[in-house]
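A lone chain, given as structure tokens: the form predicted alone.
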Amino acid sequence: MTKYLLLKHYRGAPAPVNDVPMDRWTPEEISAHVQYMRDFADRLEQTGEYVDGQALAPEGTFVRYDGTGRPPVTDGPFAETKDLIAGWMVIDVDSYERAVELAGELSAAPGAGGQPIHEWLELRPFLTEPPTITE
């Protein structure tokens, strides 16, 4: 089994087919979208393929180390960045092909007008072994 991260980009990925921003959806459309996501996760939980998933707030802060005895440096919050990750899901599947199949299904979550969004999801495998460095 291999774990994969599915990233849902609100901004920064190629435009989806149903490209109506979520802030222009009706409350019913938002509810249908969230329910689709819950149902998808519930189904994967039953097959043992679901690990975790969360929606993310649009605000975020960059943080970095600034030296011994000094407080961390922060920059932000940035609600209007070019790339905005709306949420993520971790799946644990038998193959890359299964991960692609599930990402494609998740991409069909309904959006404006109840139509599938056909959004692009970023699919990334977890690093299982540290890279080998040779000189």
Partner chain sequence: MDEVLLRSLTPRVLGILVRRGADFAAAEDAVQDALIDALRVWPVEPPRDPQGWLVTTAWRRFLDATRADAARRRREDRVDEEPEPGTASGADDTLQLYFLCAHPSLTPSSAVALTLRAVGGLTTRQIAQAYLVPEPTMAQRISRAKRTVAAVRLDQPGDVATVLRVLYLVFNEGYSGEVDLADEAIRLTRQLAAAIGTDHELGSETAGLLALMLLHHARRAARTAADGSLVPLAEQDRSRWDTAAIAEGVEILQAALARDRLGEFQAQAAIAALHADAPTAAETDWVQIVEWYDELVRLTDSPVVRLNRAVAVGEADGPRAGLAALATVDDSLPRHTAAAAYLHERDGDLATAARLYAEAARQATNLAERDHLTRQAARLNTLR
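For clarity, every value in this text was computed on a predicted model and none was experimentally measured. Numbering follows the first chain given and starts at 1.
Another form exists, predicted in complex with the partner chain; not displayed. Remarks below refer to it.
- Interface residue remark: residue 73 is not counted as part of the site for the partner chain in the model of the complex, having no heavy atom within 4.5 Å.
- Interface membership of residue 124, defined by any non-hydrogen atom within 4.5 Å of the partner chain in the model of the complex, is ruled out.
- Taking the partner from the other structure, the partner chain in the model of the complex has no heavy atom within 4.5 Å of any heavy atom of residue 20.
- Using a 4.5 Å cutoff between non-hydrogen atoms, residue 120 does not count as a contact of the partner chain in the model of the complex.
- Picking from 103-111, 50-58, 88-96, 65-73 the stretch near the partner chain in the model of the complex, with a 4.5 Å limit on heavy atoms, gives 50-58.
- With contact defined as any non-hydrogen atom lying within 4.5 angstroms of the partner chain in the model of the complex, the contacting residues in 26-58 are 26, 27, 30, 31, 34, 35, 38, 55, 56, 57, 58, given in sequence order.
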